[in-house]
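Let's start with one chain on its own, the form predicted on its own, as structure tokens.
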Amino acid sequence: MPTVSVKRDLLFQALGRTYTDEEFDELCFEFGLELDEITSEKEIISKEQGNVKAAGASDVVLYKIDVPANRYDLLCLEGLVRGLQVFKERIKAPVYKRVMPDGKIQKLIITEETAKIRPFAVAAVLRNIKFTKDRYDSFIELQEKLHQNICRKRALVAIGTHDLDTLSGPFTYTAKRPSDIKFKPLNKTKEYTACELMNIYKTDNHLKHYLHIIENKPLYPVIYDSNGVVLSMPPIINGDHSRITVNTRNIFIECTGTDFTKAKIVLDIIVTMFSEYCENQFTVEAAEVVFPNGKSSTFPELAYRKEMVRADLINKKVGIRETPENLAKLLTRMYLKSEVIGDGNQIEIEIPPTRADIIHACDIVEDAAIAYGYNNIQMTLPKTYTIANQFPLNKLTELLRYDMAAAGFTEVLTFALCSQEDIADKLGLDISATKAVHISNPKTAEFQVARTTLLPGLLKTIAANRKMPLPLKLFEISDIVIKDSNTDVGAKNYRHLCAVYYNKNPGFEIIHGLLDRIMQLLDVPPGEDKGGYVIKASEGPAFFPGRCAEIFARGQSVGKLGVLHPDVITKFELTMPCSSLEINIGPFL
């Protein structure tokens, strides 16, 4: 859930009254939010960087409020206050309007070069807006919250806001070679080419996380005005020429991205939240977007739509008995203007442009439940009774865990993600042969792929515990992940059991004895007859030549055991011989 930080005094001033911390906590709960923490800027810096760094920081009390991830309209002070005021029936939900300008409409022209990079763009104008320092800070913070949330860290949508009075329309959204793009970016003192900027921002703690979106593309997206001034290079940075300040009066907002629907939602949220500060409140000046095919549309859409829900459906799903009139009142408090129509059981709900989270009737039912109060819903016994059972695979896992411990082995739990080197290079394999599921944008080199074997995790655990007395006997029973094109998600989990023995001698006989004990517990007799098990000489890059065997049970290969190759031992920074066993326990269910 996103967390919104707001100044307590500013919040209470906007709400028109003060609350104790307990009272505001209760109000948040009633509205479906959670007051997560009461802190200050000084306290935050002190915790993160120490008291020395915190010296001189603000002591203003901050409320950190957890907001549902789909409530984009509550990600700033303005939306939060408006939502709470409507919920407490102190104000009516405002009506947002799109108006045409008195003069020439601002145009954003999209060229066909953007098609393979970020093909969509929308735009709007906030005219005659009045900022204060706090309003300006909230405006910038909302953009950042949207970037982290619905924009998926700018991969789907990137927001650009510009001082319209410093620019000259129409605007052109195109894509050019990095070497052909040159401008002065935000907070810099001179011009740079796009290539130079990408190198500079590799060390920027904030912007380096977005570089991967376009850095390997032959063309970079860029927006110019009619004089060739660069507004922005989405999704990385805006130009310094059109930067907005507290004194900015007219704002041109552009949202570019790979998801047209989300771009429209993001634009709607920004303009509805801050049109409150325009000279004509809650009105937004339209902008025209011309697409590569020559067609054009005006934005923002600010579309209102109607939904119909039966009162008895809401009562049934929530477990309450309220009249249609009361239910309509509850929904109106949740920013969903509602009225009873038709036969008296139908409720017509108007969905405003701020509530993009309302997709289905169940979303409306949920809001009715929140307004009614979850604590006010009477507890009832379910009409049907079911008896839960443990998944057979999990039950087998639990039974094996106890017996593995009884055999003298210590259980470990390792990460499900690991590096490519762990499952490939260190085990003498090529990464393409592992059928590993790769993480598209790994945070660290340690978590690049989902593990395809449990062995590296156990060996790394031994490496971290080399000072412990020998022998080290470890085991793990967990899932591994393998690519599988026959499944709907393209991958499949397998439950594996892996055990290792680490000592001055290889201890192959101990691992072999453990295998016999496991098969005895699984009621699988030795021999190929009657669904038994056998081991057959085999080879594997991770094992010492002539010291590897493949395990066959019930007519299929279920795993391998053997003495690990000295190269493998060395690559995991170990110095003693080691034997291992790894089997798939799924076939034994």
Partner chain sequence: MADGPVAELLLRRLEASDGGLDSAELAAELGMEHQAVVGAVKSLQALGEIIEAELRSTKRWELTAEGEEIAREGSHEARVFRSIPPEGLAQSELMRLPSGKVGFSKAMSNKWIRVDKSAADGPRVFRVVDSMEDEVQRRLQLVQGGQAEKLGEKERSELRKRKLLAEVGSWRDRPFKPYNFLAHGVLPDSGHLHPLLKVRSQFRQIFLEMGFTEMPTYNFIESSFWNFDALFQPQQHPARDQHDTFFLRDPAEALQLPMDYVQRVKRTHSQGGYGSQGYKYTWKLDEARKNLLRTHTTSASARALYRLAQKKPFTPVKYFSIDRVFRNETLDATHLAEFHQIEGVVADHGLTLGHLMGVLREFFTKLGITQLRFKPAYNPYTEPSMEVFSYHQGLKKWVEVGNSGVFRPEMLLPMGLPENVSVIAWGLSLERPTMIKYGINNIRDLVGHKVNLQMVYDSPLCRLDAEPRPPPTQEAA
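We call the rigid core whatever largest set of C-alpha positions still superposes within 1.5 Å between the two forms. Numbering follows the first chain given and starts at 1. What you are looking at is a predicted structure, and each value in this text was computed from that prediction instead of being measured.
Heads up, the form predicted in complex with its partner chain isn't pictured, but that's what we're talking about next.
With the partner omitted here, the residue from 199, 296, 187, 390 that has a non-hydrogen atom within 4.5 angstroms of its partner chain in the model of the complex is 390.
The single contact residue among 438, 504, 517, 104, judged by any heavy atom lying within 4.5 Å of its partner chain in the model of the complex, is 438. The putative spot formed by 88, 326 and 337 is not touched by its partner chain in the model of the complex; no residue has a non-hydrogen atom within 4.5 angstroms of it. Interface membership of residue 411, defined by any non-hydrogen atom within 4.5 Å of its partner chain in the model of the complex, is confirmed. Within this chain, residue 552 is remote from the site of its partner chain in the model of the complex, having no heavy atom within 4.5 Å. Not displayed here, its partner chain is kept clear of residue 282 by more than 4.5 Å at the level of heavy atoms in the model of the complex.
For residue 479, a non-hydrogen atom is located within 4.5 Å of its partner chain in the model of the complex, even though that partner is not displayed. Considering its partner chain in the model of the complex, the lone stretch of 494-502, 109-117, 137-145, 176-184 in range is 494-502 [heavy atom distance within 4.5 Å]. Residues 374, 375, 377, 378, 379, 380, 381, 382, 384, 386, 387, 388, 389 of 371-389 are found to place at least one heavy atom within 4.5 Å of its partner chain in the model of the complex. Taking the rigid core as fixed, one finds a CA shift for residue 573 of 2 Å or more between the shown form and the other one. When the rigid core is held fixed, the Cα atom of residue 338 travels less than 2 angstroms between the shown form and the other one.
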